[in-house]
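Single chain ahead, by itself, as C-alpha coordinates, in the form predicted alone.
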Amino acid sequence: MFRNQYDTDVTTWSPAGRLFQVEYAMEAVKQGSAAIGLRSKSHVVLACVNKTSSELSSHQKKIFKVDDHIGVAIAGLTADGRVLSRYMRNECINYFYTYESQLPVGRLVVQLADKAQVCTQRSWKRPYGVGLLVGGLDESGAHLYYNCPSGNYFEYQAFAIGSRSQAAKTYLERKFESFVDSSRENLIKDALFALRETLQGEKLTSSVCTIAVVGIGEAFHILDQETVQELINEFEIAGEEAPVAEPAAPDQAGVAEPAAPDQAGGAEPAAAADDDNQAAPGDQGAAPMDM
(Lines give C-alpha, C1' and ligand atoms only; values in the text may rest on other atoms or scores of the structure.)
Protein backbone atom coordinates (compact mmCIF):
# COMPACT_ATOMS: atom_id res chain seq x y z
CA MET A 1 0.00 0.00 0.00
CA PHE A 2 1.28 3.43 -0.95
CA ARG A 3 0.60 6.25 1.50
CA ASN A 4 2.74 9.02 -0.04
CA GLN A 5 5.23 10.35 2.51
CA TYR A 6 3.19 9.52 5.61
CA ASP A 7 3.98 5.82 6.05
CA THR A 8 7.78 5.94 6.02
CA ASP A 9 8.04 6.69 9.74
CA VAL A 10 6.03 5.46 12.70
CA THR A 11 6.12 8.95 14.27
CA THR A 12 4.78 10.79 11.21
CA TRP A 13 1.12 11.73 11.36
CA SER A 14 -0.98 11.83 8.21
CA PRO A 15 -3.27 14.83 7.61
CA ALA A 16 -6.17 12.53 8.55
CA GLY A 17 -4.62 11.90 11.98
CA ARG A 18 -3.43 8.35 11.33
CA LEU A 19 -0.21 6.47 12.00
CA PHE A 20 0.05 4.10 9.07
CA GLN A 21 2.95 2.05 10.44
CA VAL A 22 0.83 1.20 13.49
CA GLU A 23 -2.06 0.23 11.22
CA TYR A 24 0.27 -2.01 9.20
CA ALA A 25 1.28 -3.78 12.42
CA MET A 26 -2.38 -4.35 13.24
CA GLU A 27 -2.81 -5.78 9.74
CA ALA A 28 -0.05 -8.30 10.46
CA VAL A 29 -2.17 -9.62 13.34
CA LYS A 30 -5.06 -10.23 10.95
CA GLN A 31 -2.83 -12.33 8.70
CA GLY A 32 -1.66 -14.64 11.47
CA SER A 33 -3.37 -17.94 12.17
CA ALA A 34 -6.44 -17.68 14.40
CA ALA A 35 -6.31 -17.54 18.20
CA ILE A 36 -9.35 -17.68 20.50
CA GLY A 37 -9.94 -17.00 24.17
CA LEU A 38 -12.96 -17.65 26.43
CA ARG A 39 -13.49 -17.18 30.15
CA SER A 40 -16.00 -18.15 32.80
CA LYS A 41 -16.12 -17.33 36.50
CA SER A 42 -13.52 -19.95 37.29
CA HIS A 43 -11.64 -20.86 34.09
CA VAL A 44 -9.98 -19.37 31.02
CA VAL A 45 -9.46 -21.37 27.84
CA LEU A 46 -7.04 -20.35 25.07
CA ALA A 47 -7.05 -22.05 21.68
CA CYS A 48 -5.17 -21.52 18.43
CA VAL A 49 -4.80 -22.97 14.95
CA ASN A 50 -1.48 -24.59 14.11
CA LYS A 51 -0.38 -24.05 10.53
CA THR A 52 2.88 -24.83 8.81
CA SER A 53 4.54 -23.11 5.88
CA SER A 54 5.44 -26.52 4.43
CA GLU A 55 4.41 -30.14 4.84
CA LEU A 56 8.02 -30.86 5.79
CA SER A 57 8.18 -28.38 8.67
CA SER A 58 6.68 -28.24 12.14
CA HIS A 59 4.29 -25.53 13.24
CA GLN A 60 5.28 -22.47 15.27
CA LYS A 61 4.29 -22.45 18.92
CA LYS A 62 1.35 -20.09 19.42
CA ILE A 63 0.50 -20.49 23.13
CA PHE A 64 3.02 -19.66 25.85
CA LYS A 65 2.96 -20.20 29.60
CA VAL A 66 3.88 -17.02 31.48
CA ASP A 67 3.28 -18.17 35.05
CA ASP A 68 1.19 -20.77 36.85
CA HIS A 69 -1.77 -18.37 36.68
CA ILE A 70 -1.19 -16.64 33.31
CA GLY A 71 -0.77 -17.71 29.70
CA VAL A 72 -0.91 -16.03 26.29
CA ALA A 73 -2.05 -16.96 22.79
CA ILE A 74 -0.65 -14.96 19.88
CA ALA A 75 -1.48 -14.10 16.28
CA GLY A 76 0.96 -12.32 14.00
CA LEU A 77 4.75 -12.40 14.05
CA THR A 78 5.66 -15.31 16.30
CA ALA A 79 9.16 -13.92 16.93
CA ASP A 80 7.65 -10.78 18.45
CA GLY A 81 5.30 -12.97 20.47
CA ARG A 82 8.21 -14.93 21.93
CA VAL A 83 10.00 -11.73 22.98
CA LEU A 84 6.91 -10.28 24.65
CA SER A 85 6.05 -13.54 26.42
CA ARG A 86 9.59 -13.68 27.81
CA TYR A 87 9.22 -10.09 29.02
CA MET A 88 5.95 -11.03 30.76
CA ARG A 89 7.60 -14.05 32.35
CA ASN A 90 10.40 -11.90 33.75
CA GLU A 91 7.91 -9.40 35.17
CA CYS A 92 6.06 -12.21 36.97
CA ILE A 93 9.31 -13.59 38.41
CA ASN A 94 10.48 -10.16 39.59
CA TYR A 95 7.12 -9.41 41.20
CA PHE A 96 7.07 -12.74 43.04
CA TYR A 97 10.67 -12.24 44.22
CA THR A 98 9.80 -8.79 45.59
CA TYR A 99 6.32 -9.32 47.05
CA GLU A 100 6.12 -13.13 47.40
CA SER A 101 2.74 -13.15 45.66
CA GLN A 102 1.53 -13.60 42.12
CA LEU A 103 1.38 -10.62 39.78
CA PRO A 104 -2.23 -9.50 39.12
CA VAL A 105 -3.26 -10.10 35.53
CA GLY A 106 -4.49 -6.55 34.97
CA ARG A 107 -1.22 -5.00 36.13
CA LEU A 108 0.82 -7.21 33.80
CA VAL A 109 -1.43 -6.30 30.87
CA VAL A 110 -0.93 -2.58 31.55
CA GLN A 111 2.85 -3.03 31.64
CA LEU A 112 2.70 -4.93 28.37
CA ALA A 113 0.57 -2.21 26.77
CA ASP A 114 2.99 0.48 27.93
CA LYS A 115 5.88 -1.44 26.36
CA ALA A 116 4.00 -1.67 23.05
CA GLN A 117 3.05 2.01 23.14
CA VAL A 118 6.69 3.12 23.40
CA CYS A 119 7.30 1.62 19.95
CA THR A 120 4.72 4.00 18.46
CA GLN A 121 6.67 7.07 19.66
CA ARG A 122 10.23 6.20 18.67
CA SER A 123 11.32 6.73 15.07
CA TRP A 124 14.10 4.14 15.41
CA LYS A 125 11.70 1.41 16.54
CA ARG A 126 8.84 -0.41 14.88
CA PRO A 127 5.55 -1.51 16.47
CA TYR A 128 5.27 -5.13 17.55
CA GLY A 129 3.46 -7.02 14.81
CA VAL A 130 1.64 -9.40 17.12
CA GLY A 131 -1.64 -9.47 19.03
CA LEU A 132 -1.82 -11.25 22.37
CA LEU A 133 -4.75 -12.84 24.15
CA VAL A 134 -3.76 -12.84 27.82
CA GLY A 135 -5.72 -15.23 30.00
CA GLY A 136 -5.22 -15.55 33.72
CA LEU A 137 -6.63 -16.01 37.19
CA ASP A 138 -5.99 -13.83 40.25
CA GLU A 139 -7.73 -12.82 43.46
CA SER A 140 -10.40 -10.88 41.54
CA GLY A 141 -11.32 -13.84 39.34
CA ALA A 142 -10.70 -15.01 35.78
CA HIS A 143 -9.61 -12.48 33.16
CA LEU A 144 -9.17 -12.39 29.39
CA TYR A 145 -7.42 -9.41 27.77
CA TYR A 146 -6.46 -8.51 24.24
CA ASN A 147 -3.27 -6.47 23.75
CA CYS A 148 -3.06 -4.59 20.46
CA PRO A 149 0.15 -3.45 18.66
CA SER A 150 -1.06 0.14 19.09
CA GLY A 151 -0.67 -0.12 22.88
CA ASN A 152 -4.39 -0.44 23.56
CA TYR A 153 -5.80 -3.27 25.67
CA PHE A 154 -9.33 -4.53 26.23
CA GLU A 155 -10.93 -7.06 28.54
CA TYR A 156 -13.32 -9.57 26.96
CA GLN A 157 -15.63 -12.39 27.90
CA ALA A 158 -14.58 -14.11 24.67
CA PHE A 159 -12.56 -12.93 21.68
CA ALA A 160 -10.85 -14.14 18.51
CA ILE A 161 -7.95 -12.68 16.52
CA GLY A 162 -6.09 -13.67 13.38
CA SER A 163 -7.05 -14.89 9.94
CA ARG A 164 -10.75 -15.64 9.41
CA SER A 165 -11.43 -14.77 13.02
CA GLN A 166 -14.73 -13.11 12.10
CA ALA A 167 -16.35 -16.52 11.73
CA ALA A 168 -15.27 -17.42 15.27
CA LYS A 169 -16.45 -14.03 16.58
CA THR A 170 -19.89 -14.67 15.09
CA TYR A 171 -20.11 -17.98 16.95
CA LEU A 172 -18.86 -16.45 20.20
CA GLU A 173 -21.30 -13.54 19.98
CA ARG A 174 -24.19 -16.00 19.84
CA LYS A 175 -22.94 -17.98 22.84
CA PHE A 176 -21.06 -15.57 25.11
CA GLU A 177 -23.94 -14.99 27.55
CA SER A 178 -23.69 -18.60 28.69
CA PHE A 179 -19.90 -18.53 29.19
CA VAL A 180 -20.05 -16.93 32.65
CA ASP A 181 -21.56 -20.02 34.26
CA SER A 182 -19.97 -22.57 31.91
CA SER A 183 -18.01 -25.52 33.21
CA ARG A 184 -14.45 -26.26 32.16
CA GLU A 185 -15.59 -28.90 29.67
CA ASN A 186 -18.19 -26.64 28.06
CA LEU A 187 -15.65 -23.84 27.63
CA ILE A 188 -13.29 -26.21 25.84
CA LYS A 189 -16.18 -27.45 23.72
CA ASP A 190 -17.11 -23.91 22.65
CA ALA A 191 -13.46 -23.12 21.95
CA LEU A 192 -13.20 -26.12 19.62
CA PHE A 193 -16.43 -25.22 17.84
CA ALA A 194 -15.20 -21.63 17.38
CA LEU A 195 -11.88 -22.90 16.02
CA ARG A 196 -13.71 -25.12 13.56
CA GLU A 197 -15.47 -22.06 12.11
CA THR A 198 -12.11 -20.52 11.17
CA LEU A 199 -10.99 -23.60 9.20
CA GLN A 200 -13.60 -23.16 6.42
CA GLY A 201 -14.33 -26.80 5.74
CA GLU A 202 -10.98 -28.23 6.82
CA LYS A 203 -11.39 -31.06 9.30
CA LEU A 204 -10.56 -30.19 12.89
CA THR A 205 -8.04 -32.56 14.45
CA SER A 206 -5.67 -32.34 17.38
CA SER A 207 -2.74 -31.82 14.97
CA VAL A 208 -4.09 -28.49 13.71
CA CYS A 209 -5.06 -26.94 17.05
CA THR A 210 -3.68 -26.30 20.53
CA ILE A 211 -5.80 -25.89 23.68
CA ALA A 212 -4.64 -24.47 27.02
CA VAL A 213 -6.57 -24.12 30.30
CA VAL A 214 -6.13 -22.23 33.56
CA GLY A 215 -8.60 -22.15 36.42
CA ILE A 216 -9.26 -22.38 40.14
CA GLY A 217 -7.08 -25.17 41.49
CA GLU A 218 -5.65 -25.77 38.02
CA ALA A 219 -2.35 -24.20 36.92
CA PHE A 220 -1.96 -23.02 33.34
CA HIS A 221 -1.13 -25.95 31.09
CA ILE A 222 -1.49 -27.07 27.48
CA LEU A 223 -3.61 -30.15 26.84
CA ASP A 224 -1.85 -33.03 25.12
CA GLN A 225 -2.92 -34.09 21.64
CA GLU A 226 -4.53 -37.33 22.76
CA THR A 227 -6.84 -35.50 25.19
CA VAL A 228 -7.77 -32.89 22.58
CA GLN A 229 -8.53 -35.56 19.98
CA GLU A 230 -10.76 -37.43 22.43
CA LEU A 231 -12.69 -34.22 23.10
CA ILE A 232 -13.03 -33.50 19.38
CA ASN A 233 -14.35 -37.00 18.71
CA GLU A 234 -16.82 -36.73 21.57
CA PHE A 235 -18.17 -33.36 20.46
CA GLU A 236 -18.40 -34.35 16.79
CA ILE A 237 -20.43 -37.45 17.67
CA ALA A 238 -22.80 -35.30 19.73
CA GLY A 239 -23.12 -32.87 16.83
CA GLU A 240 -23.94 -35.62 14.34
CA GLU A 241 -26.64 -37.20 16.48
CA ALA A 242 -28.64 -33.98 16.84
CA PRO A 243 -29.84 -33.74 13.20
CA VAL A 244 -30.87 -37.41 13.24
CA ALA A 245 -33.38 -36.74 16.01
CA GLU A 246 -34.99 -33.84 14.13
CA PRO A 247 -36.81 -35.82 11.35
CA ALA A 248 -38.87 -37.59 14.02
CA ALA A 249 -40.68 -34.33 14.74
CA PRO A 250 -42.41 -33.99 11.29
CA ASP A 251 -44.08 -37.38 11.76
CA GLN A 252 -45.80 -36.06 14.87
CA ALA A 253 -46.30 -32.39 14.10
CA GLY A 254 -45.64 -32.02 10.37
CA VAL A 255 -44.57 -28.42 10.89
CA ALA A 256 -41.15 -28.84 12.44
CA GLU A 257 -39.45 -29.92 9.20
CA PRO A 258 -38.27 -26.42 8.16
CA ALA A 259 -36.75 -25.96 11.62
CA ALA A 260 -33.97 -28.48 10.96
CA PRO A 261 -31.80 -26.09 8.88
CA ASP A 262 -32.24 -23.35 11.51
CA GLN A 263 -31.30 -25.78 14.27
CA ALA A 264 -28.10 -26.72 12.54
CA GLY A 265 -26.83 -23.19 12.75
CA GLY A 266 -23.88 -23.99 10.49
CA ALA A 267 -24.78 -21.55 7.72
CA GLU A 268 -24.31 -18.42 9.78
CA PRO A 269 -20.67 -19.01 10.73
CA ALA A 270 -19.93 -20.04 7.15
CA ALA A 271 -21.38 -16.78 5.89
CA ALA A 272 -19.42 -14.88 8.49
CA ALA A 273 -16.28 -16.63 7.34
CA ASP A 274 -16.86 -15.23 3.85
CA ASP A 275 -16.90 -11.74 5.33
CA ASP A 276 -13.39 -12.35 6.62
CA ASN A 277 -12.03 -13.66 3.35
CA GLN A 278 -10.04 -10.49 2.82
CA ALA A 279 -7.64 -11.81 5.48
CA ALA A 280 -7.51 -15.33 4.07
CA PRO A 281 -4.97 -14.60 1.28
CA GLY A 282 -2.57 -13.56 4.00
CA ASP A 283 -2.24 -17.21 5.05
CA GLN A 284 -0.54 -18.03 1.78
CA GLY A 285 2.03 -15.27 1.97
CA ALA A 286 2.48 -15.20 5.73
CA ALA A 287 4.95 -18.07 6.01
CA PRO A 288 8.06 -15.93 6.66
CA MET A 289 6.50 -14.22 9.68
CA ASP A 290 3.75 -16.44 11.05
CA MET A 291 2.51 -19.99 10.81
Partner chain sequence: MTKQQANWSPYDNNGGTCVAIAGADYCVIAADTRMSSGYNILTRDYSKIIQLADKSVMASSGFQADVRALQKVLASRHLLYQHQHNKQMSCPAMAQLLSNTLYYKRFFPYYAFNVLGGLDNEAPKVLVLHSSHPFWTTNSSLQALSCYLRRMQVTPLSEAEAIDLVKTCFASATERDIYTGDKLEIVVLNASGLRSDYMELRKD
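No experiment lies behind these values; they were computed from the predicted model shown. Positions refer to the first chain, counted from 1.
Not on display, but discussed next: the form predicted in complex with its partner chain.
Subject >> Contact label in the predicted complex: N90 to its partner chain, heavy atom within 4.5 Å >> reply: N90 belongs to the contact set for its partner chain.
**OP:** Considering only heavy atoms, tell me if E100 and its partner chain come within 4.5 Å of each other in the predicted complex.
**Re:** Result yes; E100 sits at the interface with its partner chain in the predicted complex.
**OP:** Examine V228 and determine whether its closest non-hydrogen atom to its partner chain in the predicted complex is within 4.5 angstroms.
**Re:** Outside the cut-off, so no.
**OP:** Although its partner chain is absent from this view, report whether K65 comes within 4.5 Å of it in the predicted complex, heavy atoms only.
**Re:** Answer yes; at least one heavy atom of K65 falls within 4.5 Å of its partner chain in the predicted complex.
Original post:
In terms of non-hydrogen atoms within 4.5 angstroms, which of the given stretches 210-218, 90-98, 107-115, 171-179 touches its partner chain in the predicted complex?
Top reply: Stretch with heavy atoms near the partner: 90-98.
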